[in-house]
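Coming up is one lone chain in structure tokens, specifically the form predicted on its own.
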Amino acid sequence: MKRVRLKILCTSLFAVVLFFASCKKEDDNAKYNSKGTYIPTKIDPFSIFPAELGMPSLPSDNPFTIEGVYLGRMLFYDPILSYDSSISCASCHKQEFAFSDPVAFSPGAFGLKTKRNAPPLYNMAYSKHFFWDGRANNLRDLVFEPIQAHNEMAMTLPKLEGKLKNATRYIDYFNKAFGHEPNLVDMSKAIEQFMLTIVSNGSRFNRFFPGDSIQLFNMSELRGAQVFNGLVHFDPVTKFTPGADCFHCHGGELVQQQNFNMGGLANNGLDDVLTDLGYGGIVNDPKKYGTFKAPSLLNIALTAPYMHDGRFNTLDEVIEHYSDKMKFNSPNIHTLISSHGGFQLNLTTEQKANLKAYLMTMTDNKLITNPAYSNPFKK
């Protein structure tokens, strides 16, 4: 009887194995249509973007595929994009620093340096303006600027296309992702796919927001949240303010105002005399001189140095600026700041410490260790 049962069990197991093997064969065959053309594997955007952040508006002509995202990841880490094959996108946007650079000005090809600090790259699917001065409206256009900049990758587009077409490692990948030989349009679409998938939502702040799980924070962090989200109301006698009003330009779960008219673009009182015109220089509007895109504060502990020119090396210096060193005479200083009445906040030592503690809760360790974002050439 036992032998019969064993025989039945073995027969059943063999049938199961045969079934899965058959399914795998069908799946492999399903990769190609009747003409033998490879069909990329689609990715459901809902598997990428967490419900807490919502579904962003995505490019309709560049749907996510496993092959497209992986190709973009390869290109992001490949120095082939630079003239002398010495600089990749990842050279200035390092995963361990939330895809930013720990130096004020990144070194480019031939030893030249950038003129602005490399901004972090995550949650870009929720943005509609890119670069510190907001000059690019989509990631596909953004890709070509650092590639051609003389002080970054210093590449010419005809030379780059030739390099890609002659790189054996890319011929199959481009064909599978887009059905074509390597070309610049598909290159930009692949990198766009990869960068759009870089999502940061794993910090304690993200689990806390908007205050559902208070037990996640200690008392210092909770008091820091009050400073961050508190309005500026000066006591006429003590000049004390309970809040720093940070949330107007750095609000919501992304800790970033997306609307340029509501604090997403601002002069934050850094200089009395402007040496970088920012967005105003792009649109040639003197009323917008010295304005820059407000960055997300997620992972702020990882993205030093700070500001568009990397002038502040520590979070303490940043807090000191907003508390005690605001330049209210700066041209076009944002109304959300000038409406404070021209008074320095003069946060107390305890308030500054609490605010810093709150900012430190925004670090997403999953982002900087996620293998899906790592260098594919390093196994």
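From 1 onward, residues are counted along the sequence shown. Since this is a predicted model, take the numbers as computed values, not measurements.
What follows is about the form predicted in complex with ligand HEC, which we do not show.
Within 4.5 Å of ligand HEC in the predicted complex, a heavy atom is found for not a single one of R73, G251 and P371. Remark: Y322 counts among the residues lining ligand HEC in the predicted complex, judged by a heavy atom distance of 4.5 Å or less.
Although the partner is absent from this view, F260 stays clear of ligand HEC in the predicted complex, with no non-hydrogen atom inside 4.5 angstroms. For the chain shown alone, K176 is not a contact residue for ligand HEC in the predicted complex, no non-hydrogen atom being within 4.5 angstroms. Looking at A190, you'd find every heavy atom of it more than 4.5 angstroms from ligand HEC in the predicted complex. Residue in contact with ligand HEC in the predicted complex (any heavy atom within 4.5 Å), chosen from S220, N206, T114, Q226: T114. Put simply, of A98, A125, I87, M155 only one has a heavy atom within 4.5 Å of ligand HEC in the predicted complex, and it is I87. Just one listed stretch, out of 161 to 169, 177 to 185, 196 to 204, 137 to 145, contacts ligand HEC in the predicted complex at the 4.5 Å heavy atom level, and that stretch is 137 to 145. Interface residues of 105 to 120, taken as those with a heavy atom within 4.5 Å of ligand HEC in the predicted complex (partner not displayed): S106, P107, G108, T114, R116, N117, A118, P119, P120, in sequence order.
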